[in-house]
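Encoded as structure tokens, the following chain is the form predicted on its own, with no partner shown.
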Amino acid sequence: MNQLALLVALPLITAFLLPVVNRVSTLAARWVGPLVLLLTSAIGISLWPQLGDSAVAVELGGFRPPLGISLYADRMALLFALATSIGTLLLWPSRGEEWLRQSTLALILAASGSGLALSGDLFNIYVFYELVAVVSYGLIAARSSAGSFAATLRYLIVSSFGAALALTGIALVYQATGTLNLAQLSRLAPTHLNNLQGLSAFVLMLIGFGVKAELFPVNTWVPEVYATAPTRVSGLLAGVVSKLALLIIVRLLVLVFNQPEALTVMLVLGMLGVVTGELAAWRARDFNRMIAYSSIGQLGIMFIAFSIPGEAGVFAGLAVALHHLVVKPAMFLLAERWQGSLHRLAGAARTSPLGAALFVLLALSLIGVPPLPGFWAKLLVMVNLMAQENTLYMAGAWVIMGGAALEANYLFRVASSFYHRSDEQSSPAAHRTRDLATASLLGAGLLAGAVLIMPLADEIEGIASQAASKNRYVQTVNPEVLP
């Protein structure tokens, strides 16, 4: 299982060698990045059957935790590491004047994202999180326009504020326990962190890491960034990076802060995210911003789902997260030619019939129309919320239903405009073949999920069961720390 380190090392090494390769051969430099990502994806897929119902830990350099750097891979961690490599490959930057810089940054993003998914201690999680942030700044500013620079600056300020909060929370944890290894923290948490200091540390890290997970109220950067950044970058941030930040928070909840108060904070902030995101999307008159605000609402549903206690919450949250991982990047790819005012979309189906049909499919699943995967994911969240028999969880269910009604209103309004054309308006340009092909591939994956929903649900339930087991994590990483 030492191949786990290759998921981080290969893209990182390639990123630094890419300028050298470009001096020798531009053609080779253009292809080496995608080929390395294809290789890391193949390595991750080959490791999947080896895991089965078990998990593995790798001690880099042979040093035992907490002194050494440990990587931990259960099926959930490997799934998101794979999603990072495959997502970066599918959303590989378009070839332009800045292709070398963007390709280098994309490779570093793939490496740091995989490291974030596989890290077994808070120190390395913070390092990889900051690396993802720095790379994101460069990718967002790729268009070199005044709008993209302003959006990057706003994102930098909010992200830096979040990083400071997360670091403060980590410092509080270290002060109380003397370690940052997650396996050791899980043993020490009931006696050292089950107090006001522990709850404060969780809230600080929740808000800090929640910046990239589009958590209310630190998501003010989302609409401007997604409206001005290249659409492939927006798809990466919304589809992949936001899930990595969410994965960190879920790990903290399961292993360290398994307290009712922490779950309540998650639930309340998730509900506020759904309300503010869906209302803003309903009022939006710009296509990219509408998708951005919709993403905030969907991430809010994930926070609500993960606030459900135990394995049920991980199962429901993971189902919604994987659905969003497929749908949202596809929507941003469609936005490549449809960005700007919603009024410009009238008659879009004439110039891009496949694009319009894909948007309708994605919208139906996002709303939760059966038998598409979005329906089953939302139904799973609703059933588990109702099962809690708690007023606040019931309120969460009503918030999700209200958000779905708003979502249906603005998405159907946009979809209907595709098939109406005013004489004074010109139809938007047709989609590029590459963008349409990638969006079609994601749409096909969505349809495959609808057909294979039962075996897929069983697989996700198995992943959630493994991820929700604290003792499994501890025993895999460091058996002697078990009581």
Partner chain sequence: MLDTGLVLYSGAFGLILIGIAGIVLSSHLVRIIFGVALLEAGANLLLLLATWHEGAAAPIIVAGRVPDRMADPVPQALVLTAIVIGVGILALALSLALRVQRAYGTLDMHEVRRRMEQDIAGEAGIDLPSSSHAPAAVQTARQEGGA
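For clarity, every value in this text was computed on a predicted model and none was experimentally measured. Positions refer to the first chain, counted from 1.
The form predicted in complex with its partner chain exists for this protein as well; it is not shown, and the discussion that follows is about that form.
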Query - Listed range touching its partner chain, judged in the model of the complex by heavy atoms within 4.5 Å, from 85 to 93, 309 to 317, 329 to 337, 171 to 179 - result: 171 to 179
Report task. Would you kindly say which of 358, 151, 290, 348 lies with a heavy atom within 4.5 Å of its partner chain in the model of the complex? Result -> 151
**Report entry** its partner chain contact in the model of the complex: residue 228, any heavy atom under 4.5 Å
**Finding:** yes
Report task. Report yes if any heavy atom of residue 74 sits within 4.5 Å of a heavy atom of its partner chain in the model of the complex; otherwise report no. Result -> no
Query raised in the report: Any of the heavy atoms of residue 407 lying within 4.5 Å of its partner chain in the model of the complex?
Result: no
Query raised in the report: Within a 4.5 Å heavy atom cut-off, is residue 190 in contact with its partner chain in the model of the complex?
Result: no
Query raised in the report: Can you name the residues of 233 to 248 that have a heavy atom within 4.5 Å of its partner chain in the model of the complex?
Result: none
